[in-house]
Each structure stands twice: as structure tokens, then as C-alpha cells.
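Quick setup: one chain, the form predicted alone, written in C-alpha cells, and binding and motion questions come after.
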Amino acid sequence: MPSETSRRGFLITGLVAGGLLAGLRPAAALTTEQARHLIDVVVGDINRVINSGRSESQMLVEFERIFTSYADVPIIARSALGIAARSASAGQMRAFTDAFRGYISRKYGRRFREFIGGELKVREARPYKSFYEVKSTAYLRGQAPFEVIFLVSDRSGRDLFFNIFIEGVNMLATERTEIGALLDQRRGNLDALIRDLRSMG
């Protein structure tokens, strides 16, 4: 098992890779209890969806609602786009954020669909640097329990999560790498990426 120090180092590395650590303001207005409450609500919604018996398409609609309601999608989208966000117009950023919302919801919605028949349980929350870390455990049928960590901030003026670690896999760092590769494949054409993202995930 990795030590707590190792896990902390992993989180910091992931945030730096996502380009967010320096930009987050101190979470003075947000409390540990509020961060935990947010993820209690998120986890409750995820558990209801994965055990609802609905079709995949219906579940993915619900997962997009969850991301829209509780995730800081503009921050996640800007981080995923990386340096290309600096040269994007305001209109392109709005279009990219909208396309990315659907893409990330479908992608992680399918990941959470793997939890069908199991459940997520929130374990603990704690302040960490300028944000909050909320740890939960996924209990799946036929598998050993594993950790799902949500990072929460109120930077946008609302209590929202801005990163997820599933079995140690960092959403922000992963998406920045993958979106960067997709943009490179389109020779840096952001409009082409926006168009294609609408059918991906």
C-alpha cells in the first residue's frame, strides 16, 4: 500500500500537471463539512443512477446532469485544453466547454456504469492546500474495494469538484494528455476538435 506521503505527492503532481494548483484561491469560505456534503450528494446521485436499471443512454443523460450540477466544468475544460486555451477566442472557449461537458460526461458516465450492482461510500474529508480532498470507497461485486477521491473548491463562487482520482488515475492529467493528442491529430484546429468532441466519449 502506498504511504499517505506518497498519495499526497501524487495529488500535488496531478494538480501541477493540470495547471491548477497555482490558480486556486484559498478555500476560506468553504468548510470541510460543506465539501463532504457536496460529495455526499454527488455520490448519492451516482449510486441512484447506477442502480436505477435504466438504459445506457438514459444513464449518460443523468451523468451529464451530475457533471453540470456539481463539477467545475469550465475549470476542468480549460485545464484539459492546456496552452491552446490561451489563444482560443471567448466563443471558442464557450463552444469547447460545452462540447467537453458532453464528452467528459459520456466518458466518465461509462466508467461509473461499471459500478452497477455496487455503491460508492464517502469516508472522510479534509482540507488540503487551497482545496478539499474527499475520499470515498467503491464497493463492486466480485472486486476488491478501491478508492475514489474528489477534489473540491469554491473558486468559481460555488462549491464544486474539479478533479477525480479513480484507482489513482487523475482525471485532469489524463484529459490534458488526451485532449492535447486529439488537438495535435487535427493540426491544432480547435474548431475541428470541438466538432469531433460532440460525438466522442
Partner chain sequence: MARLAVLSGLALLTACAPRDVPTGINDPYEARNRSVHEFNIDRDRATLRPVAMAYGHAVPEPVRNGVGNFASNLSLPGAVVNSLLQLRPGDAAQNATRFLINSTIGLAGLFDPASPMGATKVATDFGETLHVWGVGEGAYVELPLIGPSTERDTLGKLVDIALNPLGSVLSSDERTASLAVGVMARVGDRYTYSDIVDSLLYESADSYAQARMTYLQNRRYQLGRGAEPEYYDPYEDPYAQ
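Rigid core: the largest C-alpha set superposing within 1.5 Å between the two forms. Residue numbers count along the first chain shown, from 1. What you see is a predicted model; the values in this text were computed from it and never measured.
What follows is about the form predicted in complex with its partner chain, which we do not show.
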I'd like to know if Ala192 sits close to its partner chain in the model of the complex, meaning any non-hydrogen atom pair within 4.5 angstroms. no
Any non-hydrogen atom of Gln143 within 4.5 angstroms of its partner chain in the model of the complex: yes
Heavy atom to heavy atom, is Phe100 within 4.5 Å of its partner chain in the model of the complex? no
Can you tell me whether Ser105 touches its partner chain? I mean in the model of the complex, with a 4.5 angstroms heavy atom cut-off. no
Given 44 to 52, 167 to 175, 61 to 69, 30 to 38, the stretch touching its partner chain in the model of the complex at heavy atoms within 4.5 Å is 167 to 175
Output the sequence-ordered list of residues from 116 to 133 with at least one heavy atom within 4.5 Å of its partner chain in the model of the complex. Arg126, Tyr128, Lys129, Ser130, Phe131, Glu133
Comparing between this form and the one not shown on the rigid core, is the C-alpha shift at Glu56 2 Å or larger? yes
